[in-house]
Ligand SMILES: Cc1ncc(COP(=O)(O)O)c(C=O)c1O
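In the form predicted on its own, a lone chain appears below as structure tokens.
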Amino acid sequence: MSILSSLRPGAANLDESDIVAIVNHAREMPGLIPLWVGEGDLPTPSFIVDAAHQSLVAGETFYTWQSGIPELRQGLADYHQTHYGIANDPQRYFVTGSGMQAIQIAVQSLAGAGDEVVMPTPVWPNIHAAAQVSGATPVHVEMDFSENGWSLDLDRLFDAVSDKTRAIFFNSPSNPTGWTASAEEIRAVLEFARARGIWIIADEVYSRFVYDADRAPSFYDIIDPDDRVMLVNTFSKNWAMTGWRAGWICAPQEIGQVIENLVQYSTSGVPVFTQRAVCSALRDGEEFFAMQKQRALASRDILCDGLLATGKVRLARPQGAFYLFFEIDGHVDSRDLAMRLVDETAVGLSPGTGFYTNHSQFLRACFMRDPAQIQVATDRLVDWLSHQ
């Protein structure tokens, strides 16, 4: 038996990320415009950094609350009361070492060997992998694409649920498509799950990145405190904190000890200085967030308008999030195409092969960057297309 084959299959058989493969191929390329991963070009603003620095200077470098410092849990309750109109209950919030850990904990608490997690697809590959790592089977429900946008057939979603289903993973606004569920769709999913006693893991990371409203429709709008819904989120996107690795879960209080245990037995809590920083983000970060959202809107339209004008691209202008998922006519191998494009244009894109979808010929571009830089990237892609 080889060393590799002696590992647990749930770990050894994980797919290499096609996104990371492209990044590793061209990470240090001169003149690169990296649109391949889900982050912008702005560093964390100084008022957030200063809060972490002050905490470090004060000597806050010890173990802390597994569920999060009380000030941050209260800050999360205040934030959700302000933006979602829900009851101010800090005991429902649990601080995690990233949005990804929030997803892992949610899945680990629900699904294991022999279980299934149903998820609309295209789907961020880390969601698929979180189910695999826990020993569960990801069940993909293909979304439909047309020039009018992406759509989810709820009957198809519900038909995918079996007696092995432990949870529906519901990401809206969506990474990578930008599809955003309506209030009616969210209510239908909740009512379906309630009737069958299955859980919903609601990934609302991009809830406030919608371009025709203050925020997207949310499960927060309709859930009761004891509904079987866990909402996962991150500080990474709204406040340019991808490298800080801090997120949260909102869940029924009844399962709070389970979540605390899973934090304890993985990371033993999020550093206090990081938590002080995100307290500052929640309290003082609205102006910065609004600026980021306005940049993203301008960049979205530059990218979409430029690519559509070529007549060689199929896309739907995304309703939410900050990704464009698009197809270039005549190219079916998006991994090969992403490699070609980064080598020939120095624009880094993610291949659709990484998103577990029948639309694997698509590419994903993250447009959360300076509109002037997105204009340069668009010009490079348009020029490349003009020679095809």
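Since this is a predicted model, take the numbers as computed values, not measurements. All residue numbers are counted from 1 along the displayed sequence.
This protein has a second form, the form predicted together with the ligand, left out of what is shown; the following refers to that one.
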key: Candidate from Phe94, Trp199, Trp150, Tyr206 lying within 4.5 Å of the ligand in the model of the complex - any heavy atom   = Tyr206
key: Candidate from Val270, Ile168, Val278, Ile103 lying within 4.5 Å of the ligand in the model of the complex - any heavy atom   = Ile103
ask   = Hey, of 137-145, 237-245, 159-167, 301-309, which bit sits against the ligand in the model of the complex at 4.5 Å between non-hydrogen atoms?
value = 237-245
inquiry  = Since only the chain is shown here, I'm wondering whether Gly99 would be in contact with the ligand in the model of the complex (any heavy atom pair within 4.5 Å).
reply    = yes
Phe219 within 4.5 Å of the ligand in the model of the complex, heavy atoms = no
task = Decide whether Tyr323 counts as a contact residue for the ligand in the model of the complex under a heavy atom distance cut-off of 4.5 Å.
result = yes
Contact test in the model of the complex: Trp124 vs the ligand, heavy atoms, 4.5 Å = yes
